[in-house]
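A single chain comes next, written as structure tokens; it is the form predicted on its own.
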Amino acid sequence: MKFLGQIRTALMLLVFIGCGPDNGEIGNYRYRTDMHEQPSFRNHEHPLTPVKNTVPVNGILEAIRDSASAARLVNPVKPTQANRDSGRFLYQTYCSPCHGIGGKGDGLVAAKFQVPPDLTTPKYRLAPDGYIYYVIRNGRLIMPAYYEAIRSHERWLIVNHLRVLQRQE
């Protein structure tokens, strides 16, 4: 009986310790140190301080709610020769299967589906660069969104190439 009383007392002590504030200490004895003393960071906060005199990069894309807000975007990519070559390559890779090499909507894939619009018509010549960027990014009607496939800078290169195609008309 005395043995059962000791077990009962030990169990009550363990329950009492387990129900108390769990800061990893009993009196002056620290029995647990994991997660108690560590550097803490807010969500998505970088744990290292930036190097002095560096320019911060927030990594946030333009806030585009709809095509009307996209129309106000300004194309930041200058039409240099290197950018023209890159834009042509990207257009031929992603856009020409449907829109055709010249942007007329006569691509090889287009013959099997709904014919895409002729991008050299006045409607698209007058469209703001931001609108075309928006359509590349989010898609429209049967055109898929290229949000994940084409980076922001590359979309602007394609817009520049499309402007070159429209001037050749």
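Computed from a prediction, not measured in an experiment: that's the story for all the values here. Numbering starts at 1 and follows the sequence shown.
Separately, the form predicted together with ligand HEC exists; it is not shown, and the next lines address it.
With a 4.5 Å cutoff on heavy atoms, Leu157 does not count as touching ligand HEC in the predicted complex; it lies far away. Although the partner is absent here, Gly102 sits far enough away that none of its heavy atoms falls within 4.5 Å of ligand HEC in the predicted complex. For Gly130, no non-hydrogen atom is located within 4.5 Å of ligand HEC in the predicted complex, even though that partner is not displayed. Using a 4.5 Å cutoff between non-hydrogen atoms, Ile64 does not count as a contact of ligand HEC in the predicted complex. Contacts with ligand HEC in the predicted complex, taken as any heavy atom within 4.5 Å, map within 140-164 to Arg140, Leu141, Ile142, Met143, Pro144, Tyr146, Ile150, Ile158.
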